[in-house]
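Given next, in structure tokens, is a single chain: the form predicted on its own.
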């Protein structure tokens, strides 16, 4: 039987994110709009079997996903590293209530960053997540996407852990300023 998450071209990692999450029975996607996640967001918005929720700020996704889990569904929070700082206090909800929390985070403030305002949180995001008890893994190449998401989802959904896969800026590609 074909596996849609592994039969994709590894260079199409943006579609890989969607297909891998679909194989994990994700029913809720909470996100703040982000170019790095735009392909997955568009695919989830078009998917009638998934509820996509646009957040006004990233921390809203944590209690939303807690509620989805209590309702019997799996979900994922898609955000950019600049939103990690917004989530720090709300991560205490997961720490105390011990529900699965799966996050995919596109990184900024790393290799070839053009926007200096992205640097502080981009450099601190992984350490901040770890300090709050979130387990993290970094995807640097397209061939790592499926395996890292699958592994993080297993630890989140089978172990009631907070887990994040960080999609490196080098993986996403150099951004350019457009006027």
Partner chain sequence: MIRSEIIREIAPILAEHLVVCNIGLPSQELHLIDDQPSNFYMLGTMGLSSSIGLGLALAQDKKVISIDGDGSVLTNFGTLPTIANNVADNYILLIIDNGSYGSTGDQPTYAGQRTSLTDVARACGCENVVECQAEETPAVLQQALDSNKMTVIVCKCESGNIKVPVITMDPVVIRDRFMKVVAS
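Quick caveat, the model's predicted, so the values are computed rather than measured. Numbering follows the first chain given and starts at 1.
Beyond what is shown, the protein has a form predicted in complex with its partner chain; the following relates to that form.
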| item | value |
| --- | --- |
| Stretch in contact, per heavy atom within 4.5 angstroms of its partner chain in the predicted complex, of 136-144, 62-70, 35-43, 110-118 | 62-70 |
| Every residue of 96, 100 and 160 near its partner chain in the predicted complex, heavy atom within 4.5 Å | yes |
| 124, 53, 148, 50 - the one with a heavy atom within 4.5 Å of its partner chain in the predicted complex | 53 |
